[in-house]
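Next up: a single chain in structure tokens, the form predicted alone.
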């Protein structure tokens, strides 16, 4: 099933994102996560893809498990920088062999010890190639606060428009902690003529180790209310987890009140977090 069809039949699409285990870890370790997530009835589950093209085999393998063992629609990530045309075709072929219809096309982070292939420089080029050579449903990424490498938010929206024009059917956003940034993003892209559905990316901060890492990788700003939570509870793991889930829940409730197209939860392979949030908002769906 192509994920784009969900937005035609559902008021709000709900999905989770997981990542493959490390190469040295048995893939069976992800089964427990998937067992728990299946019972939460997500519309789909996305599977990330390592920097520099690493773990692509595991991305396909886990996406195949999600589809064929757990009966949930998967979304497999694919990054552009380190791909050749043939490697993209091979990846697409593996997806189809596993019954997978959906791919998230990204530029990808730069790996310090790996040289880009020099074929696809931006996500929109990968989108256009996939659109021309496959029948996959293609999803793109959006950045409510602007991509940290972009010279301006306006330029970032222009890049997003190129991805949509090339064939992206819906947008998943980078995580954000201030809903006002998301609403401004929606207003800007609609003014720019981008009409595809947009899922809001939400990440509950539940561990002290996440705080600096997430901010440095995503460029997301920390609102005063969330900063107070960090200051108060960062040395109290149980309290921080509860507070982080409560903050994410409040974000989602507000987004649902504004008829958001979808919620995409970055759960860091923590199904208990997804379960708690789903319980918090179950009557709203």
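Positions refer to the first chain, counted from 1. Predicted model only: the values in this text are computed from it and were never measured.
This next part talks about the form predicted in complex with a small molecule, which is not shown.
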* May I ask you to state whether residue 16 is within 4.5 Å of the small molecule in the predicted complex, using heavy atom distances? => no
* May I ask you to check whether residue 173 falls inside a 4.5 Å heavy atom distance of the small molecule in the predicted complex? => yes
* Applying a 4.5 Å heavy atom distance criterion, does residue 105 contact the small molecule in the predicted complex? -> yes
* Asked: Is residue 141 a contact residue for the small molecule in the predicted complex, using a 4.5 Å heavy atom cut-off?
  -> yes
* To do: Please determine, with the chain shown alone, which of 128-136, 189-197, 93-101, 173-181 has non-hydrogen atoms within 4.5 Å of the small molecule in the predicted complex.
  => 173-181
